[in-house]
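Below you will find one chain, with nothing else, as structure tokens; this is the form predicted alone, and questions on how it binds or moves follow later.
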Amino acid sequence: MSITIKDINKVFGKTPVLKDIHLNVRQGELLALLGPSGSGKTTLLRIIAGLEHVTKGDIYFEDKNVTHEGAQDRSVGFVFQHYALFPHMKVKDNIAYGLRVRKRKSRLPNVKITEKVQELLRLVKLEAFGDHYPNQLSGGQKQRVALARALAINPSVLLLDEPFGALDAQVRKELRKWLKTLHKQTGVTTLFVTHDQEEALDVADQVVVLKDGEIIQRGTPINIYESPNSPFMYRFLGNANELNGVVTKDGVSIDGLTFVSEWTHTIGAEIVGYIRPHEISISHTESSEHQLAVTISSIHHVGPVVFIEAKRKHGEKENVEIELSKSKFDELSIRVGDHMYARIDRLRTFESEDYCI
């Protein structure tokens, strides 16, 4: 089932929550709605589900306008962050609930419902837990039951609101991998809301980033991480060094060094250059004129990665963050206090007037 969202606006009282949202979701796509708290992502998901009404705009499932249809008429499976399982029902009965409450003329025979539940228990790898109650399950198991229950009605669209938000880090990682596998098996068009950048980049085919009720960028995980279209996107999608500079006829001048920029700027304009910590190389000797002179101020080991802070010899912001593999760090024998040279391998520049976007 493809989804087309045209010019959706949502206002609560006098507060605009969604502004002119246009979005196409292809059949079978796994799409993440990503953004900070208050960006409007959950409201958009609830509008697609039919749990919220739009102030303006239209929603199409394939070629059918479902804008004014209720949730029960949209063939949507919805999974909440906190599972919403019935505590007095066994796992198998929770999964069967949506099938048993259908009107008699569309309800499956009991034997078919039992077969469907067993099929779903196998799909979510909980075959041995059908007779358990929710309080006998772990958080990850409860979320898989919630997903099985949503899939029981054969939804055309599956919607998940922060599905792993209540789980610890290791379980979240395991369920992310499981969700990707489940999606490949079912092929159901799926949208999920998250504020976790790593989760969106790891799981989704496409990522839509919202801020203040507007879509800021859409693309594949690789595209939006490697080519952020604004300072906000650079800051939101992970650590980034911000270096102030100015545009000259020869390029971008930072700390007295001139860098060639891929982007066109007005000569004389003030710019902010963005560099990811892993996009900086470091050495003890100066090998080119395009290196920043730095002094190592702190070293922090996190498993196979070493995070380094280095004080710049010039510039308003004193520290540059550098990320090295442990093997590279050991090879360089870096110590706090070392005077070194940092080479910027990739620089993305924005004029300062764009800084607040």
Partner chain sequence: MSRTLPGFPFTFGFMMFYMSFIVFIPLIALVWYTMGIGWEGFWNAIIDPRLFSALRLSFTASFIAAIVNGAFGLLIAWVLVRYDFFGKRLMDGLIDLPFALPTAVAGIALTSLYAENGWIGSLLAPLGIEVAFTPVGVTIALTFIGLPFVVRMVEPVLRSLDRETEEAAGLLGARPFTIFRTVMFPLLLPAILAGMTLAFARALGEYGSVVFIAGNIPMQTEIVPLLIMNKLEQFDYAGATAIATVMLLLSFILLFAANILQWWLSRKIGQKVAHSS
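Numbering follows the first chain given and starts at 1. These numbers come from a predicted model, not from an experiment.
Note that the form predicted in complex with its partner chain isn't included here; everything after this is about it.
L85 is the sole member of A240, L85, I216, V252 with a non-hydrogen atom within 4.5 Å of its partner chain in the predicted bound form.
Note on contacts: among L123, V246, A71, V171, the single residue with a heavy atom within 4.5 Å of its partner chain in the predicted bound form is A71. The candidate spot formed by P277, A293 and F329 is out of contact with its partner chain in the predicted bound form: none of the three has a heavy atom within 4.5 Å. Proximity to its partner chain in the predicted bound form, taken as heavy atoms within 4.5 Å, picks out 75-83 from the listed stretches 182-190, 266-274, 75-83, 230-238. At the 4.5 Å threshold, heavy atoms of Y133 reach its partner chain in the predicted bound form. Heavy atoms of Y97 reach within 4.5 Å of its partner chain in the predicted bound form, making it an interface residue. Although the partner is absent here, R149 lies within 4.5 Å of its partner chain in the predicted bound form, judged by heavy atoms.
When its partner chain is considered in the predicted bound form, L108 lies well away from it, no heavy atom lying within 4.5 Å.
Interface residues of 209-224, taken as those with a heavy atom within 4.5 Å of its partner chain in the predicted bound form (partner not displayed), are absent.
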